[in-house]
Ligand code: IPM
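Listed next as structure tokens is one chain, alone, in the form predicted alone.
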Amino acid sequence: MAKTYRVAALPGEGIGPEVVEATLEILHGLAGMHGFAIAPQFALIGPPAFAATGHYLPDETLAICEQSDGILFGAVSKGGLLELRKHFDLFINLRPVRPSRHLYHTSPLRPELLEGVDLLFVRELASGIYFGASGRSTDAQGDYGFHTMQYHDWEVRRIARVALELAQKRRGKLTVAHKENALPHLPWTALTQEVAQDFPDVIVEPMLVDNLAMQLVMRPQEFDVVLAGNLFGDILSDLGGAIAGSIGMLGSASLNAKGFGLYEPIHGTAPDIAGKGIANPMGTLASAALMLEQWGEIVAAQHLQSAQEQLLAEGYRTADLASQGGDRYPSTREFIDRLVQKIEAVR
């Protein structure tokens, strides 16, 4: 009997509904070809949920997510997402960056710097400054605001172990982003090196986060796995958008220790193009490929990636990708239709 995967579909707002709908269509097609099925159940989150229920993460949405095999997330401008991450303890955020050779011309980096780039950002996602004590207050000097970056040592150790395990399976190099010259009480280097004793075949390279940001655009080929805390990982991984040619290309997986995950593009709501039918679905498709891999449907994920590469090879682009002679710019709908054709042709 075919396996059926229950998917909690949370489109959110902005271009979220457009890219989630497009991705579900592709997933249904792949499922039929590879002997499994998906059963999506839609739910509200973020501002649309607040408008309808008075809550950014309604209990009904949470219940649907708890009963699912994975969450396919669109985008929200505020509310619900951090709560989901905390509720499921989604402390592992994976953001792969592998530029397509057919899109080298869309990146501000020279093509020779992009050849062979295969980066994996591992971002701690359930702690740090986004979850620390915060607020507004007043003292003798006036009004002020504060956010606290707090990490327990065990939180650093557990994400470091994940990053080391992944580096061991890849090219054996882990770069640790830190700012210990200014934040000495957050010893990411020492804690990672402590865990790294169990991984003698992995080279660990600590690097100040500001220098790392520069090096990522000067020599991206030299990096393998990059480990970072929540804030630094958020910022650094967006550099992957420049490397890949558009932030609309990149997907992510947010996982807990049990392997349950939330899968989302990293591009945000993009309100300036919402509803125009020109959104780039490739970030959500990349997230769906990560979901398929997490489920063990490796061949289906490879099928999707191969079909998309063939479509890009023929010059099809979405509006966010820089203009180049011979490129074709279909709508989101047309892009998905052509991708479906490629999927059916690539068997």
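This one's a predicted model, so the numbers in the text were calculated from it and none came from an experiment. When you see a residue number, it is the position in the sequence shown, counting from 1.
Although not depicted, the form predicted in complex with the ligand is the subject of the following passage.
Think of it this way: in the predicted complex, the ligand has a heavy atom of just one of 85, 102, 179, 98 within 4.5 Å, and the residue is 85. Shown alone here, residue 224 lies farther than 4.5 Å from the ligand in the predicted complex, counting heavy atoms only.
Among residues of the shown chain, residue 155 is not one whose heavy atoms approach the ligand to within 4.5 Å in the predicted complex. Interface residue remark: residue 130 is counted as part of the site for the ligand in the predicted complex, having a heavy atom within 4.5 Å. Residue heavy atoms within 4.5 Å of the ligand in the predicted complex occur in exactly one stretch of 203-211, 77-85, 145-153, 160-168, and that stretch is 77-85.
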